[in-house]
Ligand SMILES: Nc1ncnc2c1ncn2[C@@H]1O[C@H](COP(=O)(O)OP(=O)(O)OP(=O)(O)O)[C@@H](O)[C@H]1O
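First comes one chain, alone, set out as structure tokens in the form predicted alone.
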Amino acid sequence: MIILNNVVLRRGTKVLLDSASVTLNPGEKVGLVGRNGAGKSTLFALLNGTLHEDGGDFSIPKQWRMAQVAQHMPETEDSATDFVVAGDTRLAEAREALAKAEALHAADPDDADAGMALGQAYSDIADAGEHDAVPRAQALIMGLGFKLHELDRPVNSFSGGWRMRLQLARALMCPSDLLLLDEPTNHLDLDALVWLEAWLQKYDGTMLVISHDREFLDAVTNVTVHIEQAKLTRYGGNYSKFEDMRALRMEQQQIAHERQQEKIAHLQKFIDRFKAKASKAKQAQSRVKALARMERVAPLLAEAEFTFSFKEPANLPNPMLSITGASFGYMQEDGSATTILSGVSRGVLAGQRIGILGANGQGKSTFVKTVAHDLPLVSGTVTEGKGLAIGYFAQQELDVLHETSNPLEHMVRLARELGSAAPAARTEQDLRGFLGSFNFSGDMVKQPVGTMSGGEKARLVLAMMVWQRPNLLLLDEPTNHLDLATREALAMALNEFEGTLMLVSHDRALLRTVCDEFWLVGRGEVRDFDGDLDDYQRYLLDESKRLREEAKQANAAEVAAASAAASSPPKAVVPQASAPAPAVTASPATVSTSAAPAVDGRTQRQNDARERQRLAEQSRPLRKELASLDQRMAQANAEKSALEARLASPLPPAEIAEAGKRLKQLGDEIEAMEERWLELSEALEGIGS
């Protein structure tokens, strides 16, 4: 287990942890939460050995193998597959040991010890998974959104976000007892995020994850550790349970503080009244000592919340946009166009709140960039309503920010560009005050954007959008780098926004909160998606399964073709003068049966009856097991629902731990039963066909 006991941790002169204590048990999935700058990444540095505690005691099992996502951008000409395979440190060690054993054996083939070492090395490399390393790596790569033809591409040929996905795949490839994930969802689309959730739910080691995606935390964690005021507080349960338990704890703390203050006031009143009276002096003195001994309950110090709002749009054209027969894509260097979406005809009305869904690479960002005038329209028309004012949040903040400029310079430039369309206040002091409302105070307004964190850049883009007073918001992954509090502020502001919204996001909580209809971008078109986000997640999983099957069939076809080519004898050359025998192809339905003996009706019925009996005997035990599984799954799901309802109410820590443990067991049992149910169903279908 991991134990922190009264740990003090500093970064420079700032104390991030002060006498902090927590215990994490093997196999727990822990969400580490807290405001930006609270010390989450610094705690990770302590766990991975980059930093050492400045006080207190910290221990982690020495034999544990650790995996985490490297934060640097990989620079290598290795293929994507080879780069991820290299993340398997156990396999890499086994390969190195095998190379040494082979060298020793080659130097002295008669050395018995060298022969034994070589045999052991071969056994170790087999145990390390050499035989299936490439398929395992490619399953991870494709799960994170890469295509089949990209598996052998050099790492350096991918953009930064895709290379960071490869870093994530490399970390998942490593066999580990402890997995550290710092914002793993930042570079993922919703389809890759759904896949990652499913993968992490099956991970059987100890995991700590830092994330600002509440639904992701709910899906993959069962313990939450909160960093606040340099302390660590452990809560049993995922993020939603943590919020409920913390609210209750804060309420209880405030009540206890208020009661104690009443008691202190009562004691102090007695002391002040009777300390000068000889007859009461002894009693007054005892109350003074009681006050001195009293352990004070701290008042509730709520962290300041960040909030903002969009100005009421000056006008609301209706329709906002009219898209007719449009093709969306991008231009190549030679001037030719690559079309991703075609035949798009849609209307966008005032007040619509549209969530844009679609698997990775299907054209969501291309669609939004074209509407925002960042990309030219390939063909067709996009007609804008009179007075349309677009507020655009680009997925890469630097698409709309200047790296060398500071926030104040950005606002001054924006105010000049907008001219009379901008709000009345345009003095530098007004702009400083406006930036202050987005937490850019003091010297921060003069800090170059290139030195800012991702969250600060995102807040600056939001500030610039609000200043423009838009009536159509185009938001492409606006929550990347935003902490949970800022995401909540964004959701509140969008819910109060009176204009039209088009949102691309992998943050399901934000999509659920602010969108009331969805468009699906995929297979070269844009269409309505009839369903909610749960339906969409099922759609993504089905699409992922379909693509994996296609890839598997393509690989099998390639292997079969190569095998046939290798094993086929050379073809004889037929002289042109000789007439070849006519080729005959026949399906089972068209094969002539004139040479077969005729079967009378009675014999055919007897044959059919015997075949039905054989199939019934084959399927009977499978159907019996299937019925038993249905019953057991119903019981397990009922128990799981009861446990989840029980965990939603306040419980003693021991009961929470026991219930959480049983809930995990039930989840594993249900998953195993569902897999067996599918196997039995497929077997029965095979018998029937």
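Residues carry their position along the shown sequence, with the first being 1. Heads up, when I say rigid core I mean the largest set of C-alphas that superpose within 1.5 Å between the two forms. Only a predicted model underlies this, so the values are computations on that prediction, with no experimental measurement involved.
The discussion below concerns the form predicted in complex with the named molecule, not included here.
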(message) Even though the partner isn't displayed, in the model of the complex is Gly37 close enough to the named molecule, meaning a heavy atom within 4.5 Å?
(response) yes
(request) Considering only heavy atoms, tell me if His212 and the named molecule come within 4.5 Å of each other in the model of the complex. (result) yes
(message) How about Met452 - does it come within 4.5 Å of the named molecule in the model of the complex, if we only consider non-hydrogen atoms?
(response) yes
(message) Test of understanding: in the model of the complex, would Ala128 fall inside 4.5 Å of the named molecule by heavy atoms?
(response) no
(message) So if I measure heavy atom distances to the named molecule in the model of the complex, which of the stretches 509 to 517, 532 to 540, 118 to 126, 452 to 460 falls within 4.5 Å?
(response) 452 to 460
(request) Name the single residue among Asp177, Glu243, Asp374, Glu183 that comes within 4.5 Å of the named molecule in the model of the complex, judging by heavy atoms. (result) Glu183
(request) Could you work out which of Val155, Met142, Met444, Ala491 is the residue within 4.5 angstroms of the named molecule in the model of the complex, going by heavy atoms? (result) Met444
(request) For the stretch 10 to 37, return the residues whose heavy atoms include at least one within 4.5 Å of the named molecule in the model of the complex, in the order they occur. (result) Arg11, Gly12, Lys14, Leu16, Arg35, Asn36, Gly37
(message) Given a superposition on the rigid core, I'd like a yes or no on whether Pro407 shifts its C-alpha by 2 Å or more between the shown form and the other one.
(response) yes
(message) Arg487: after superposing the rigid core, is there a C-alpha shift of 2 Å or more between the shown form and the other one?
(response) yes
(message) On a rigid core superposition, would Val445 pass a 2 Å threshold for CA movement between the shown form and the other one?
(response) yes
